[in-house]
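A single chain comes next, written as structure tokens; it is the form predicted on its own.
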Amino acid sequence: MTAPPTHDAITAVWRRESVRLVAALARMTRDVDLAEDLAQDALVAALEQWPDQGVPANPGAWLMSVAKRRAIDQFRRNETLRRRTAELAHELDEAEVPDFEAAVDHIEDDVLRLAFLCCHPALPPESRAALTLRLVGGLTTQEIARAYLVKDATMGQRISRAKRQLADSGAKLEMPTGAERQRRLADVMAVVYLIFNEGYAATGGDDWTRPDLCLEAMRLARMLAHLVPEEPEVHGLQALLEIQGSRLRARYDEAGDPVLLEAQDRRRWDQLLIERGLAALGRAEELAQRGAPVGSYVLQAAIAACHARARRAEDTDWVEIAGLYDVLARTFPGPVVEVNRAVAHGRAFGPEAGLTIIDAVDSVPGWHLVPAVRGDLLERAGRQEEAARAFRDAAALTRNEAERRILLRRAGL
């Protein structure tokens, strides 16, 4: 007899299905808050029923069916919305729900519409990112707060305020076109990248990676590339995520411990994702040759491609990577670029070259990467005691337990 599903198993299903569920419900009800509430109701029903009944063969369809019924009940109870009951009941036909996977294209369109809605110009930039990470990325308020180094309550208020602003603006869940789509595109791409990064290197918790978020971000990037095929940055974003995502399996060893890039078994890299990423980069470069502007994603994808083409860590062309980071630093300056530029220069021209760069970086409060990279460069320079101190400083700042273990191990603790 099959063992009843655990709470963790149900949570895993929820992580996989929740974003598409909320997006579809938002389209149907025209109310983001209500869509979230209905999705949560469906999760509660799953937690109550699945331990006894087992996980359905099509859990996404089950959750959608429950949420639809709750939606109709909600509208019927609400006198002010009674006039919409007939319309909603027709749209949310209570008959047998069609196969959820068969409707994936329609549902994925909903997810992309939701991403563009969350990046509506009525919202300030920081609210756009936070709301999209919450609704499209499926991150919790606590996870988003960690990513932005703010208190949970502050982030919760920001997200709630963003929802109210959207409602007050009368924004609709529809795909913008023309100039309006172009204005929102950069914000959507930025948030897709943030979702991927949270999956690739989680800001908190016990797990170093969250592959489900990476997969969701890659799927959204592919959809964007299909939506705006003449935009090189979209292909650059897809290329960057595909190539970096190819390393996910190699980021852990057989014991489940994290493995840094240079120590990874490159035979475990996903060659299909690399091929797809290199093809997307090729499309971006072809568009650039026709005169289309190139941005940071194309440059970062070119850097990722340098790693992907190296069969062994020692074959990596660090001089080319350092040059690409120099271009990034001139055109898109910022502390993240400088930290990575320090690593590249340290590998290409020696640790002292990297230390010169990292020592000039203004430390962001609570950000562990500056002392972590400084520790790596000091270690390579043979300055072991200083390196150990830097690794200890970094370990005290990171909120990810797997990363803390690596840093403490490198500190000799």
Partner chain sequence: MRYITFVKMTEDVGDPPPALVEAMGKEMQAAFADGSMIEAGGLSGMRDSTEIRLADATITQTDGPYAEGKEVAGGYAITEVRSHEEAVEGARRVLELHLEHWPGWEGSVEIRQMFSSQ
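Values in this document were obtained by computation on a predicted structure and should not be read as measured data. Positions refer to the first chain, counted from 1.
Same protein, other form: the form predicted together with the partner chain, not shown, and the subject of what follows.
Proximity to the partner chain in the predicted bound form, taken as a non-hydrogen atom within 4.5 angstroms, holds for one residue of 251, 113, 219, 161, which is 219. Interface residue among 230, 265, 180, 326 relative to the partner chain in the predicted bound form, by the heavy atom within 4.5 Å criterion: 265. Only one of 24 to 32, 377 to 385, 351 to 359, 49 to 57 lies within 4.5 Å of the partner chain in the predicted bound form by heavy atoms, and it is 49 to 57. The three residues 190, 299 and 306 each lack any heavy atom within 4.5 Å of the partner chain in the predicted bound form. In the predicted bound form, no heavy atom of residue 320 sits within 4.5 Å of the partner chain.
A residue is said to contact a partner when one of its heavy atoms sits within 4.5 Å of a partner heavy atom; residue 17 meets this definition for the partner chain in the predicted bound form.
Though the partner is left out of this view, residue 270 does reach within 4.5 Å of the partner chain in the predicted bound form, counting heavy atoms only. Although the partner is absent here, residue 276 sits close enough that one of its heavy atoms falls within 4.5 Å of the partner chain in the predicted bound form. If you take 8 to 27 and check each residue for a heavy atom within 4.5 Å of the partner chain in the predicted bound form, you get 8, 9, 12, 13, 15, 16, 17, in sequence order. In the predicted bound form, the CA atoms of residue 133 and residue 219 sit closer together than in the displayed form, by at least 3 angstroms. Relative to this form, residue 138 and residue 399 separate from one another in the predicted bound form, with their C-alpha atoms ending up at least 3 Å farther apart.
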